[in-house]
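Next up: just one chain, as C-alpha cells, the form predicted alone.
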Amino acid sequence: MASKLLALRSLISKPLNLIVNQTPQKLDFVYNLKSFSTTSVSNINFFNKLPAEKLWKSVTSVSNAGAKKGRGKGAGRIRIRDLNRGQIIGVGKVNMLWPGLSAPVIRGRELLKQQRLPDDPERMEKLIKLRDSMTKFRRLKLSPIERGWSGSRMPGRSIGPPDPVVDEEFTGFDTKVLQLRSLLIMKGTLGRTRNYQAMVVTGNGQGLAGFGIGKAKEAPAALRKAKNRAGKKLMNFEIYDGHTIFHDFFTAFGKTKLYVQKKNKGYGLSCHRAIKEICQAIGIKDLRAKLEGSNNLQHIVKAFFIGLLQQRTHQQLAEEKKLHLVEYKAENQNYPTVVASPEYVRTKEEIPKDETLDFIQYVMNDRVILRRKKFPRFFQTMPHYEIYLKKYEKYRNHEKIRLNLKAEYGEIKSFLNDKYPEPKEGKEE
C-alpha cells in the first residue's frame, strides 16, 4: 500500500500534458495505471475510536489517584455538552427539505419533493449560545418558602406527604427533612462504598406526627424511604388549649438533655430548629426548650418525642397527687383557676411533710435548668439609683396590695373596712 501511495504522489507531481502526450505502450511502461487502487484510506486516532460518553468522562472526571492528592477541585463544575442539542434533522449550513426524513413523503394529496428552503443566518450564533449555556455552572434557585435551614440544602425543606399505603392517602400531611448525610462504609469485597442516611418528620399539624430514618445508595431513595417509614409510625399527641403542651417536662436520650417549658399564647417557638420543625408538624405553637449536653440531632429528636409521650394530662396529674390542680395566669390577673380535680382529695393531715408540692419541681423530676448568673445593670451601680429606690419605696407594693384586695374582698378597700365600713357610692334609699 505504501508503494502505491508513493507512485500516486509521483504521478500527481508530473504535469498532466506529459502524461497525455505519451503513447499507450510507453504510458503503461512508465506509469502502470492499472495497478493503482481507489480504496479509501481511513485515519484511525484517539477521537474516533472511543464514543462521546467516554471522551467527555476523561474531561469532566478525576482519577482516583488525582482525587486522593486533591486535584481536580473544580472538575465537578464542568458540564458535559450535548453537541446534538438544538440541531434539527435536515437543517444545516444548507437548509433542505428531505421527504421521509425531515418531512412526510405525502402531505394530503401532494407528493413532496426534495427542495431547498431559505437559510437562517443566525443559526450558528444560536447553537454557540446554547452550547455555552450548557457549560455555565448555575446554583439551584429556590423561592424563600422552599428553602431549608441553609439555602438550597435538603435539611429544613419540605418533600410532601408520604406515599399512599394501599387505599389510605396522607391528606393534609407534610414532611420536613431534618438530616441528610453521606456515610462511607468500608467492605472487604467492595471497598469504600458511599451510602446516604436521611431523617425526616411528618405530621398533619393536628396532633398526629412521626419520624423515620432511611438509608440508601442515593439521596432521593433515602429520603423516600425515611418519609414512608415516618408515615407508617405515626403517634398521636394531645395539645393543650390548641397551642402548647400540658406542663413543663425534662427528657433525655444518651447524653442529650432537654428542658421543655409551657408558654402562653403568642410566645412562639424558642428552641432548636429540629424541635421547631417537629412542633410545626404536630401543631404546637408556643413552647421553649433548653438543650444541654450533646447536640446529636437524632438524640434531640428521640428525646423530644419521648418527653411528649411521657407528658400527662391535668386530670392524670390530679389523680396522681390526689389534690386539686390550680392554674395561675398573668393575663387573668393571676386569679386561681381549678383545672382538674381528683375523685378523692387528700386532707392536710394525709400529706407527708417531705412530699414535693411544688408543681414545677414535681413535673421536672426535681431537675433544675442551668441558668446564667444575672449581673446588675450598669445604672444600678450608680449613686442616683439609690436615691430613686428611696423615693419609690413607699409606692413599690401598691400594685400587689390592689391585687390581694381584689382576690380577698372582690374590690379595693381598706383592711379597716370591716370595723369602719365606708358608705357605697350611689343613691340612698
Partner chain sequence: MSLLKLVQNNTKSAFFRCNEPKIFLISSRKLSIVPSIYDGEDPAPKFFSSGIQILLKRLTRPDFAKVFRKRNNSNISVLRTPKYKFVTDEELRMEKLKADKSADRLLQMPPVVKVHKPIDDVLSIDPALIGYDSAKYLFTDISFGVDNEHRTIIERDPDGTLRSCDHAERKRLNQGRKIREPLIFQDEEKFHSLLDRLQYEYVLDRACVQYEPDEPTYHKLTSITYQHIDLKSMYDLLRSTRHFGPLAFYLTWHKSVDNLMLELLQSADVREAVLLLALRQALHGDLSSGEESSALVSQILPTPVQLTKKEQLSEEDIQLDTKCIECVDKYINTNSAMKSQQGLALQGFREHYQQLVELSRGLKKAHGAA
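Numbering follows the first chain given and starts at 1. In this text, the rigid core denotes the largest set of C-alpha atoms whose superposition between the two forms falls within 1.5 Å. For clarity, every value in this text was computed on a predicted model and none was experimentally measured.
As for the form predicted in complex with its partner chain, it is not shown, yet the points below apply to it.
Contact with its partner chain, judged by heavy atoms within 4.5 Å in the model of the complex, is confined among 178-186, 203-211, 342-350, 302-310 to 342-350. When contacts are judged by a 4.5 Å heavy atom cut-off, Ile278 does not count as touching its partner chain in the model of the complex.
Proximity of Glu411 to its partner chain in the model of the complex: non-hydrogen atoms within 4.5 Å are absent; the residue sits far from the partner. Although the partner is absent here, Pro336 sits close enough that one of its heavy atoms falls within 4.5 Å of its partner chain in the model of the complex. Interface membership of Lys321, defined by any non-hydrogen atom within 4.5 Å of its partner chain in the model of the complex, is confirmed. Using a 4.5 angstroms heavy atom cutoff to its partner chain in the model of the complex, all of Leu317, Tyr328 and Phe359 count as contacting. Between the options Trp98, Phe237, Tyr240, Trp149, the residue in contact with its partner chain in the model of the complex by a heavy atom within 4.5 angstroms is Tyr240. Just one of Gln114, Asn332, Gln87, Asn295 comes within 4.5 Å of its partner chain in the model of the complex, counting any heavy atom, and that one is Asn332. Along 255-288, a non-hydrogen atom within 4.5 Å of its partner chain in the model of the complex is carried by Lys262, Lys263, Asn264, Lys265, in order along the sequence.
Once the rigid core is used as the reference frame, the Cα position of Leu403 differs between this form and the one not shown by 2 Å or more.
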